[in-house]
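The form predicted on its own is given below as one chain in structure tokens.
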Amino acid sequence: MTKPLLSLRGLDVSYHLDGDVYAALRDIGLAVGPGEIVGVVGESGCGKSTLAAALLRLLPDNAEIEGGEAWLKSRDLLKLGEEDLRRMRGRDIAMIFQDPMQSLNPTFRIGSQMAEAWRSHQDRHARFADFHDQAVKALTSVGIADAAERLASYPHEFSGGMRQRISIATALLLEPAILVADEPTSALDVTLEAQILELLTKLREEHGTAIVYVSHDLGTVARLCDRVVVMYAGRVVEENDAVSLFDTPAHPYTRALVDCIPSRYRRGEALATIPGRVPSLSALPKGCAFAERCAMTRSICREEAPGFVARAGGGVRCHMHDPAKAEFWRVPGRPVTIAVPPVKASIREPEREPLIEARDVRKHFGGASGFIGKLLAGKSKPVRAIDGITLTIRRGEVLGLVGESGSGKTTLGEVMLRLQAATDGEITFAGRKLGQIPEKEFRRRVQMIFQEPHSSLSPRQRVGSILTEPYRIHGIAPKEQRSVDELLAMVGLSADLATKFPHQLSGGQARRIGIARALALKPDFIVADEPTAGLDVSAASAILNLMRDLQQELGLTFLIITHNINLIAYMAHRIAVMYLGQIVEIGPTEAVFDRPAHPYSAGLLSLSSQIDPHDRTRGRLLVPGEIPSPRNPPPGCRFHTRCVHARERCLSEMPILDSAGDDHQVACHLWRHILQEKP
């Protein structure tokens, strides 16, 4: 590597809270060369975001930089005064935050906010015309159409992906040498995520911009980054080029993270999980911080903290790779292995009997009818969240429902559970129309696992009370109830959690409590809305293993709503792809993955974050633009405005679901032509 643009040496950062000292970063070393993209990965609580904030000296008041150096362009950032630091921020180093709505002021126009960042680095003779030209150029470079006019818009007038682009354009306004991106795509759909990643790659190629990319998405990091730094409990435990690190991870923690990733190639296997959690940074163990969670732990690991052993391309912090400690790891006649062989967990096949059927179901929001509707003359059109869906879910089946935000996935799940009333159409459950099933009976037989686990748990009740609440509501006799201990054991939690309040639970624990509550009444059908959203890879794999085991043991029927393609590939018997209120393709998982017949399905599947650092362009079919408004969907095929295959017929005639093989259906005029083009 050429002379580093950014170089950290021995960086130490601590937080002071309630009399305790939390060692957030210890002895951090990092070098970033011009035009290089360096990924920083690890679980929550490992210090990734603290590192990102420390690079720009944006730490909170209770944080203290206790030592180290951070050199940028021959100047130590840690020793700069406030005025010099202000001049370097934005001009030499800039940051893209995780949530663009928190970095954009909702009360100011986009142009005003960009102008403020620009003026802070200009002299008093700077001309507004110069800013305007640069701002339009920056917005155009990140794909904002009609950039000159959009400078007068407010943040709420843009989608999430567009707001993130504006944040990037603002950061690029002064052409900084290095960008720090803290989870810049974590809240975006796979299509918008791909567009942002393409943009970052373009910045590197055209402007030589260096990037520090913080993320817990290993697939994205493998695809985007040149080198990867793995952090655990405030320390760097491994560093290497992306290909070497993912091909042959040296640290047991890195190997465990990689083994947690679900994919279609691991169907029938139980995912690896990392037991326990990251230790408290206020009471780190004497030896290796990962020792209590590591399958390779020996006595020396608990007694002595490992040093960082330099290797080609980086290094590793592990006794196993320390030449002075190598004897501790040698087992006569057996090679050293890190990963435990996966355990087979066969998928229970569904029955052929339909459990829930939807026929031409529609759900529209808003709009006006009668005299008011005539008066407005089309100015108050309804939002067509669901617009003519026919779907059957079989008993014991796991059906995956995928699509971008705004496609209507969650609304469909809520309509099936009678949490929302359908505007039109018919839904039957076990052969009976929903309206004919008594409310109390129906609520016993269906349940929902909500996307945000903590928000769905009462903060005023202890876990034991939350789990038994369904019994009290439905008047279940004690002899028919599962005990709290039994429910907790069913989801792999210890009995002592029964006395905890929700705020005392981790995200993974709260998610498991939500699942246990859903199972209390022994339901037939469960809708799981983004069941692993916001979780670290280990916690997410534990949830997937749990859902897989429950489906196998109890024969549960699941509708899993998500934009995580890997999750669906691992879990589902069938996949339904939804776009703008309609299902555009549905079929067995293997058929849809091997022969996606709809251009939208092919685009979504190609963007799944498989760990493949060798080929970063394989199969990437970027879906251009953004999903249109469901208030005013395009005529004809609703995907034609973004489809590279669109023909004249697509602009006026809406396609219907057509058979593309055994149990495989697609709504596309050109699906036969598209399949013929595939190698």
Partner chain sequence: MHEVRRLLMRIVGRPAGMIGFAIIVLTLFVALAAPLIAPYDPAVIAMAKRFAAPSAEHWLGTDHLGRDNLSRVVFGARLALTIAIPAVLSAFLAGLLLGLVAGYVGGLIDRVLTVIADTFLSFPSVILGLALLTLVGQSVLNTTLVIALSLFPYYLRLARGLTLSIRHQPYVRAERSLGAGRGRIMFVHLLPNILPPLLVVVAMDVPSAIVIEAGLAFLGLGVPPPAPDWGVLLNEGFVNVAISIWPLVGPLTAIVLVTTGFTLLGETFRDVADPRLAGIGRRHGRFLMRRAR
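Numbering follows the first chain given and starts at 1. Worth saying up front: this structure is predicted, and the values here are computed from it rather than measured.
One more form of this protein exists, namely the form predicted together with the partner chain; it is left out here, but the text below deals with it.
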The partner chain contact in the predicted complex: R235, any heavy atom under 4.5 Å: no
Touches the partner chain in the predicted complex: D663 (any heavy atom, 4.5 Å): no
Interface membership of S186, the partner chain in the predicted complex, 4.5 Å heavy atom rule: no
Exercise: F450 in contact with the partner chain in the predicted complex, heavy atom 4.5 Å: yes
Segment that reaches the partner chain in the predicted complex - one of 285 to 293, 133 to 141, 442 to 450, 550 to 558, heavy atoms within 4.5 Å: 442 to 450
Within 4.5 Å of the partner chain in the predicted complex, all of D259, T297 and S299 (non-hydrogen atom): no
Proximity to the partner chain in the predicted complex, single hit among Q436, T248, Q461, N105 (heavy atom within 4.5 Å): Q461
Partner-contacting position among R89, R517, R165, R227 - heavy atom within 4.5 Å of the partner chain in the predicted complex: R517
Stretch 139 to 154: residues contacting the partner chain in the predicted complex, 4.5 Å heavy atom cut-off: none
